[in-house]
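Have a look below at one chain only, the form predicted on its own, in structure tokens format.
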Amino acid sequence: MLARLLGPQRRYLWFWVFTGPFVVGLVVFGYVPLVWSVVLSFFDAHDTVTPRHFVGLANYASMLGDAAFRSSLATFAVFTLFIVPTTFAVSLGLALLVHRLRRWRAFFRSVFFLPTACSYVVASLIWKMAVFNGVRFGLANTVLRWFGADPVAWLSTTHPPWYWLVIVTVRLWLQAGFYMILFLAGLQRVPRSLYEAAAVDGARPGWQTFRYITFPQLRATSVAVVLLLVINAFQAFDEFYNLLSTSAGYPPYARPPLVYLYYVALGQGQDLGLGSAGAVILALVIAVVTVAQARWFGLGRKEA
């Protein structure tokens, strides 16, 4: 068996030397916990990762019947409606601006991409403590004071829900640069001959060429960006938890699925079976939404 893996004359030895540790790490820290989570979802597992009593689909029924879990899915839907079109438009706009530059293109590409390297936790704390601080010393309240407005408690005001402004802007700042790079790659693949032919036919540069040439040519990139944005929105945790949680706990509003499951599995209840069932449901929802989007956009379909 070992000789077969290494191949004749041990040609594959260095392949396994370099990839082996990553494969082992992926299996141990990725696939094994994933499979074990599915197993736990069918058992009563309070305060333990060892299955005790088989309960079948009871955890799933309890989770689907939980109004708080359904509310967390609604929170995800609202967050998706905010963040997906906003990030799509901003990243596409940045890509178009950077692509048109003749000088300093590499500089601005790096500047806009740099926030991607920042930790979500660090960025959330900066937004919470410095930018949208609820007292009059925060940057946002300082600007409001210049115009004679009263300071706003951004993260605790629910009518209107100003906390969405904080959550959406920090996520937008963190991820717009990454999707800008994807759009830049797509823009560089658009043939210049299409623009030259359009100019010969009398098409005006600007909105006309963007609508009829640039954007259709970015179809594959746009589909990939939308799919990634929706999946990442489902997985939102760090910014919600670090922005809204306090010493008194997490507020009942703006609680996405992962934050809710965190408190179910690791909170006072320590119900790992119920939390695993919720995680499986969330994974299935992500899979269904992704497949539905891919079919709706015609991903992988051959062009006529």
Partner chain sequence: MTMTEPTRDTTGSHPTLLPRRRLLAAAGGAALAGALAACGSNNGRGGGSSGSGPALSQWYHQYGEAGTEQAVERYAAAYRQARVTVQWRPGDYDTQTAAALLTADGPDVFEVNGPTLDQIQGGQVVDLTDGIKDVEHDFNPAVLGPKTYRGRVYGIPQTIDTQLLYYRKSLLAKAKISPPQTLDELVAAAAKLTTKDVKGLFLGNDGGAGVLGGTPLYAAGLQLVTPDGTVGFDSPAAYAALGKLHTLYAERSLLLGAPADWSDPSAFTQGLTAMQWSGLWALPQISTALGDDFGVLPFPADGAHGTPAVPVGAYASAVSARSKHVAAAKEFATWLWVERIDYQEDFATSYGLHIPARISLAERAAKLRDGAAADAVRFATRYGHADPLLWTPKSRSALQDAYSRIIKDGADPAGQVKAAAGVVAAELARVRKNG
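Bear in mind that the values here come from a model prediction, so they are computed numbers and not experimental data. Positions refer to the first chain, counted from 1.
Below, we turn to the form predicted in complex with its partner chain, even though it does not appear here.
Across the options 192-200, 72-80, 131-139, 219-227, residues that bring heavy atoms within 4.5 Å of its partner chain in the predicted complex belong to 131-139. In the predicted complex, its partner chain stays beyond 4.5 Å of every heavy atom belonging to Ala277. For the chain shown alone, Val35 is not a contact residue for its partner chain in the predicted complex, no non-hydrogen atom being within 4.5 angstroms. Its partner chain in the predicted complex comes within 4.5 Å of a heavy atom belonging to Gly249. Within 4.5 Å of some heavy atom of its partner chain in the predicted complex lies at least one heavy atom of Gln270. Residue-level contacts in the predicted complex: of Val168, Leu125, Ala185, Leu101, one residue has a heavy atom within 4.5 Å of its partner chain, and it is Leu125. For the options Ser156, Thr116, Thr209, Thr86, the one in contact with its partner chain in the predicted complex, meaning a heavy atom within 4.5 Å, is Ser156.
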